Every structure is written in C-alpha cells, then in structure tokens.
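First, one chain by itself in structure tokens, the form predicted on its own.
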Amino acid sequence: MSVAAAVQDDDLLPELRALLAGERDPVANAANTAALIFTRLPRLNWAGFYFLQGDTLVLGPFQGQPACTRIRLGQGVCGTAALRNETIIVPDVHEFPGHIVCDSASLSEIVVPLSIAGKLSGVLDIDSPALDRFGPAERALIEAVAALYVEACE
C-alpha cells in the first residue's frame, strides 16, 4: 500500500485541519503538524520545521533525533529548497551535493518551502531511513500538509 493510500484511509489531512483549527501561532501549529506527520506516516525518522531568520533557517519544532540548529540559505537540501522556493525530493541523500548529515540513518528526504502571507517563512523537512521513500503521491500529500499549515498561520 502506498503512503498516500495509507494516509487516505487514516484521513490525515482532515485530522490535521481539525488539529490546527482556531490556532494561528506558527510554533504551536508546527509542533502539532510535526508530531502528526511523524506518528502517522510510515518509514520516517525525522519530521519538522526550520524557520527563516535573515539568511538562515533555524530549527523549529520537530520529531526525531536531534538536528542541525542552523542552515544557511543555499546549503543542504533545506537551504536549497528555501533559496529556490520549490519542493525538493532527494531519493538518495548521498547523491545530493552538499547534503548536511544531521542523522546518519537518513537516506531520502523531501523539503517543502513555506510562505506565510506571501513571504518565505521556512521549510517543512521530512527524512526517511529508506532510499527513494518519497514520490509524486508523497509530494502531493506533504505539499497539502504544508498548505494546511500555512493557511492556519495566515
């Protein structure tokens, strides 16, 4: 069963919508979003947020092993996704030039930029200990999760 099918059965998006309803605080919403992603999606070892401060992404709420605290724009997968303002899927992190290793168990990654009120505010970063973990269905799902997060914070 694909992740999208498993999530559809579990109604992750409606659950997230209900969880974020009425709350506008970006940190509180990030904490609950990261926890929901981490506990509901299979084969993940990290799910969390980095928030933009100047030209640096600063660690926000997450689930998983301790992580890098600061990532400059253009560095690693997170910094590159933020700089390009586009989703990046990395099937094998060892093949991504400049990949920053926070957890050596991570083998694949997806990073989705977040824009609140039309301004880049950070990224949603999800790692997996499985190679090629994220495909088109997962991209659509994680982008939908990011959109719900942004909508709740605007």
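Don't overthink the numbering: it's just position in the shown sequence, from 1. From a predicted model like this one, the values you see are computed outputs, not experimental measurements.
The following text describes the form predicted in complex with a small molecule, which does not appear among the structures shown.
Among Leu120, Ile100, Ala28, Val58, which has any heavy atom within 4.5 Å of the small molecule in the predicted bound form? Of the candidates Leu120, Ile100, Ala28, Val58, Ile100 is the one lying within 4.5 Å of the small molecule in the predicted bound form.
Look up in the predicted bound form whether Val77 has a non-hydrogen atom within 4.5 angstroms of the small molecule, and give yes or no. It does: once the small molecule is placed as it appears in the predicted bound form, Val77 has a heavy atom within 4.5 Å of it.
With the partner left out of view, is Ile116 within 4.5 angstroms of the small molecule in the predicted bound form by any non-hydrogen atom? No, Ile116 stays farther than 4.5 Å from the small molecule in the predicted bound form.
Given that the small molecule is not shown alongside this chain, does Ile71 nevertheless sit within 4.5 Å of it in the predicted bound form, heavy atom to heavy atom? Yes - in the predicted bound form, heavy atoms of Ile71 and the small molecule come within 4.5 Å of each other.
Heavy atom to heavy atom, is Leu52 within 4.5 Å of the small molecule in the predicted bound form? No.
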